[in-house]
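As structure tokens, one chain now follows by itself in the form predicted alone.
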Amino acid sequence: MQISPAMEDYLMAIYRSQTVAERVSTSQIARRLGVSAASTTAMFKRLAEEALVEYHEYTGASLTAKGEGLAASLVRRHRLAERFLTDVLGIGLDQVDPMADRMEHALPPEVIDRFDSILQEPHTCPHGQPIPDKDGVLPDLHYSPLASLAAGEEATIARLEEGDPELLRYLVEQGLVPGARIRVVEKHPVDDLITLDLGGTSLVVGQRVVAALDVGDVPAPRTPRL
């Protein structure tokens, strides 16, 4: 079976989306990849023919065991590439996702293994997303939505939504990145705004930002072995 780069992109998009729902819709994946719903439906059917997804027109798609294994290896490749770009080359985390997209299809397994060794087997990508190991197993990390915090509670930002470049740039500019310590000062019930304290700086954020942030476990940083 020959897997094209486009098929790989869809498998990874489904894998990422299944972290919040067992089945994903055509519109979810079309929006994530910036393609038409018709193109997504056609690809779902193609992936189903290869036994990589289960697809039903009205309930969406989910990865089969075979598809999940392949998708996990692709996500591992992508997230290790992102980690290499940030930790070794010093590229900002708001820039690395599209770069890793271009790299991942060309990197052979031995290069990915070398990245993993140099980076000392990191548990997360720069955005805090977990990196599957060689067997597709995710590290045991615990996250909670920022919205779950009550006024007065403190937590550490652990994970960012990585699929919106404009929003990601804003988060980086404001310092809302993995490892940043925040305190919820006030939750405004009328307009759903939240006031945060970030290192002594007050920041009012709306639901678009709130939905993009999880708090929880942040693995200790590791120094690359060059």
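So that there is no doubt, residue numbering starts at 1 and follows the sequence shown. These numbers were taken from a predicted model, which means no experiment stands behind them.
The same protein also has a form predicted in complex with the DNA, omitted here; what follows describes it.
- Here the marked residues Tyr10, Ser39 and His56 all reach the DNA in the model of the complex, each with a heavy atom within 4.5 angstroms.
- Stretch 43-51 is the answer when you ask which of 63-71, 154-162, 182-190, 43-51 has residues with heavy atoms within 4.5 Å of the DNA in the model of the complex.
- Residue in contact with the DNA in the model of the complex (any heavy atom within 4.5 Å), chosen from Leu198, Val177, Val35, Leu167: Val35.
- The closest heavy atom approach of Gln18 to the DNA in the model of the complex falls outside 4.5 Å.
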